[in-house]
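This document opens with one chain alone, in structure tokens, the form predicted alone.
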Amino acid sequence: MFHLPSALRRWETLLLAILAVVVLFNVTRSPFYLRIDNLVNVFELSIEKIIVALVMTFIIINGEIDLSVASVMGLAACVVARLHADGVAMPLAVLVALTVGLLCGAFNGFWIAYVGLPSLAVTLAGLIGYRGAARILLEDKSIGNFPEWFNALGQRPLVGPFPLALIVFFVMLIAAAIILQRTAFGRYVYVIGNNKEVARYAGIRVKQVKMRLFMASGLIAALAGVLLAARLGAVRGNTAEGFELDIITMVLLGGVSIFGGSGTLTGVALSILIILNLRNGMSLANITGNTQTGVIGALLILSVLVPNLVGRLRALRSRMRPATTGPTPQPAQEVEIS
């Protein structure tokens, strides 16, 4: 069982206070805010992002980053649409899309884990390349007309008021919490994020762990893309474009260190609630989408800067603090010279 550092506990307490303020603001903006259908709608409109945020949490704790997740989502959605338009059965099209996502993650993981290239560069190239492949598949067309059962998976409640994607998220959240906190693999993720060389000397197969994380990222991003296609009912080459901003913000605002080695799913869950409710509140206040993106971008900057500034101030204060061990130096006695 991991002991939660006091700094993380304080950060999560702050997130809880921010969430309370956001919820209170939203309640004053609309009497319909607390209705169950609105609360489900808050999740439903961003459910694919928060599904991917779970695997992004593992990757950033591991000391890496995946900028290509939104492009993989879009590519998977376009693969489903293209194959369906060409007469392929929808179940087979979904299977191919998931396989494509897995291969994208394996491609990223190979260059990062086994070749040693930085994940920022590799996944940035993936962001551009996978998005280009998505646009090539659909040639700026919008393809929909999916089978009714497929659209129903994304547009209709499956259990009570909850759609399939929301149920998938809750199942994945529980599974992710167990893996991260209760398994050896979860401990490896933290140890490698803290110090890759120490992890290697400890006998941890660092390359395999990283490879598995990126393959999982590609597969889950593709699953999110398929669910997004079902919810929207039509797909374009720019589907899911820009989603990586919200996904990374959810993780970093949740207290996961951009340098790796620390963070919890509790903090990420609180961050997700803040961002989803903040977007909902801004929509209730008729704030434009561009302004909302600017606010989320500002949150991303703050979530990176504030923890690092606090850490540097603490380090500076500890260096300036006088030593408390050893004998207290006595003032020199005056010597009278006659």
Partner chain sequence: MIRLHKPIASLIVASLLLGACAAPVAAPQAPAAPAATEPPAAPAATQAPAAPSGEVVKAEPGKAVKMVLLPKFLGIAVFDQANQGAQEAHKELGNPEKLEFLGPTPENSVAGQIEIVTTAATQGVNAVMLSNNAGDQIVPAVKKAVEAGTKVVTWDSPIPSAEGESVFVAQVDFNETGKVMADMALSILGADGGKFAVLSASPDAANQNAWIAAMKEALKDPKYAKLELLDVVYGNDQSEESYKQALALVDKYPDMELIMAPTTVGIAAAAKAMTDEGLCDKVKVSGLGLPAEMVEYTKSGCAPEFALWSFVDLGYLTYYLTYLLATNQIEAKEGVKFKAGRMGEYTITKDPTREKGLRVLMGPFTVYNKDNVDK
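For clarity, every value in this text was computed on a predicted model and none was experimentally measured. Numbering follows the first chain given and starts at 1. The term rigid core refers to the most C-alpha atoms you can superpose between the two forms while keeping them within 1.5 Å.
Separately, the form predicted in complex with its partner chain exists; it is not shown, and the next lines address it.
- Residues placing heavy atoms within 4.5 Å of its partner chain in the predicted complex fall in a single listed stretch, namely 151 to 159, out of 83 to 91, 151 to 159, 218 to 226, 96 to 104.
- Residue Leu232 is the only one of Leu265, Val168, Met211, Leu232 with a heavy atom lying within 4.5 Å of its partner chain in the predicted complex.
- Contact annotation for Ser71: none of its heavy atoms lies within 4.5 Å of its partner chain in the predicted complex.
- Proximity of Val27 to its partner chain in the predicted complex falls outside the 4.5 Å heavy atom cutoff.
- Shown without its partner, the chain has Phe32, Arg35, Asn38, Asn41, Glu44, Leu45, Lys49 in segment 17 to 56 as residues with a non-hydrogen atom within 4.5 angstroms of its partner chain in the predicted complex.
- Core-superposed comparison between this form and the one not shown: the Cα of Val42 travels less than 2 Å.
- Relative to the superposed rigid core, the position of the CA of Gly289 differs between this form and the one not shown by 2 Å or more.
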